[in-house]
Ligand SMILES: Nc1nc2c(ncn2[C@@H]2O[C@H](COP(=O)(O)OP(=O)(O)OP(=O)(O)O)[C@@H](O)[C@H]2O)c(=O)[nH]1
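Single chain ahead, by itself, as C-alpha cells, in the form predicted on its own.
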C-alpha cells in the first residue's frame, strides 16, 4: 500500500499582509499535527524565521523551521526549494503537514508548479494556496486605481496596457489562491470592508473562498485540510508574466530592492516610530520590519511597518549571550536611494 502524500499549504500575500502573524497563531493551534515550516525571506535578515522560532510551539520545533534567505522562492525553485523538500522527505520522522511562507514579493505559481516535479509529486500534494490580504492597505488605495480614468486614457496611451509591477504581483497572488484571508479587518468599518471585498474580487477571474480575520487569527481547521491538490490546476492560475511572456525571459524582481539598517539602542520607541513614518512617506518605503533594542528593557521590540502604519510590540526577552541591537529590513522599489534612506533612519536615533 502506497504511503499517503504529505499535504503542503502555501501561504502567500503582499508585503505586510500579516502572513507571519497568522502562521504563528496557526502553530499554536495545530491539533497535535507535526508541522514543518519553510520560510522564504526577501533580504538577508531572517526576521520572520526569528519570530516563528520563538513561538514555542510543541509540534514545530526550531529543527522543523527551514529558512530560505537571499532569494525569492519563485526564482530559486531548482536551487533551493527542491533540495530543501528532498531533505525534508528523507527525515526519519516525517511531518504531518508542510507550511510554506513565501516572501511578500514572490509569485506562488512557479512554487506550486514545482510540486509536479517527479521527486515531489509522488510524495507531497498542495493542500491549498492561502493568500493573505492587508485589508486596511487595500482600503487606503495602496493597490487600487481609478479604473474609469485608466480605461478612458488607455484608448490614447498604449503604455497603459499593463498594470504596474506591484499591482500585477498583488493580482497574481490572488489569482493563485484557494482561500483569500482578508486580514486586519478590525481596522475597517463595515463600508470599508465591503469596498475591500469588491476590490479584491474585481482583480481576479476565479472566485476562491474569501474569509475575514483580525490579527491573523484563523483556526487551523480552516487553514489546513482544504484538500485541493492545487498543483493539478496550476494551468488555470497563470500569472501576468506567464500570460504575456510565455517562453520569454524568466520572472525576476529587479524592480525591488531590500537592505538592512543597523542601529544602536533606542531611548524613545514611540518617538522613533513617529519620526520613522516621515522617512517612510518621504522615500516611499513599501515595507519595513525588524527588531529594536530598547534602552533599559530586557525584552526585544518587534517593529512592523506597512506604509504609514507602524506596529510595535515586545515579542520575547533577549537570550543570554545574544548580541543586542536594532536591525531593520527596508524594502522599496529599485530606484530607491539606499544611502539616503539609510542615513535618514540612522539620524532618527
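The model shown is predicted, which means the values in this text are computed figures rather than measured ones. Positions refer to the first chain, counted from 1.
Not on display, but discussed next: the form predicted in complex with this ligand.
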item: Partner-facing stretch of 113 to 121, 199 to 207, 184 to 192, 269 to 277, counted where any non-hydrogen atom is within 4.5 angstroms of this ligand in the predicted bound form; value: 184 to 192
item: Interface membership of residue 9, this ligand in the predicted bound form, 4.5 Å heavy atom rule; value: no
item: Contact of residue 27 with this ligand in the predicted bound form (heavy atom, 4.5 Å); value: no
item: Touches this ligand in the predicted bound form: residue 36 (any heavy atom, 4.5 Å); value: no
item: Residue 326 within 4.5 Å of this ligand in the predicted bound form, heavy atoms; value: no
item: Heavy atom within 4.5 Å of this ligand in the predicted bound form - qualifying residues of 264 to 280; value: none
